[in-house]
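Below you'll find only one chain, the form predicted alone, shown as structure tokens.
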Amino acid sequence: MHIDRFEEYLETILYLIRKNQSPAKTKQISEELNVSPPSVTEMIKKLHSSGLVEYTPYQGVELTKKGTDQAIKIKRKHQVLETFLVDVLDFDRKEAHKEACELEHAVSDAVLEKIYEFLGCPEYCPDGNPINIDKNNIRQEESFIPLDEMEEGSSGKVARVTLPRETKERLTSLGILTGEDIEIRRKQKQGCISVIVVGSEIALGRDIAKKIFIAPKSKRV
């Protein structure tokens, strides 16, 4: 559908601007959406005529204020649905992403807000990215790795913990808090992950580990 396609492009352009810290290139849009460059050019013209984007040759595509508002709205919808699918229906993150892409165009704003409230108004989605993006600073994009996806022997700093307050307090008492160094000692088959933090080895379940986001450092040799 026409509106669905507009939304898909706007969300992709927003993602690329945040990733690049600069305008989205038409070649990147083509690769992300798996469409031909001429199709991208045609859609950019339509978005421009609707007042949603500005295009500068050899530089790329920027969102207008109107385009930014719409892109953030659809991005937020995607993130809330993804959070619901992961946290409530126990989808894995990749499947949740695919399903949210389908659902985001069909769910009304009223239903979305009810889901958001049901989830307890979370700050972050399963990827560790903020659900409520600052419209005045859309290029602020941070890249963290969930603890459960890090390799044995790798290390980094705890960047974000997206768990309920009681669980966060328990982890803080163990030394797992923002800014603290952490090393992945062992990943066991049953899903338990052993980490070293403030000199102690701690075992964490996968459900906890996937909600702890790490700014990675070098892998141990």
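We number the residues from 1 along the sequence you see. This structure is a prediction, so every number in the text was calculated from the model and none was measured.
The form predicted together with the DNA is left out here; the points below concern that form.
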Note to self: Please determine whether Glu169 contacts the DNA in the predicted complex, using a 4.5 Å cut-off between heavy atoms.
What the structure shows: no
Next item on the list: Check whether Glu42 has any heavy atom within 4.5 Å of a heavy atom of the DNA in the predicted complex, and answer yes or no.
Entry: yes
Margin query: Check Lys66 for me: does it contact the DNA in the predicted complex (non-hydrogen atoms, 4.5 angstroms)?
Written below: no
Next item on the list: Considering only heavy atoms, tell me if Lys27 and the DNA come within 4.5 Å of each other in the predicted complex.
Entry: yes
Check: Is it true that Lys94, Tyr124 and Gly128 each have at least one non-hydrogen atom within 4.5 Å of the DNA in the predicted complex?
Finding: no
Notebook entry, point to check: Heavy atom within 4.5 Å of the DNA in the predicted complex: which of Gly153, Gly191, Gly51, Pro38?
Noted result: Pro38
Check: Pick from 52-60, 155-163, 180-188, 66-74: which stretch has a heavy atom within 4.5 Å of the DNA in the predicted complex?
Finding: 52-60
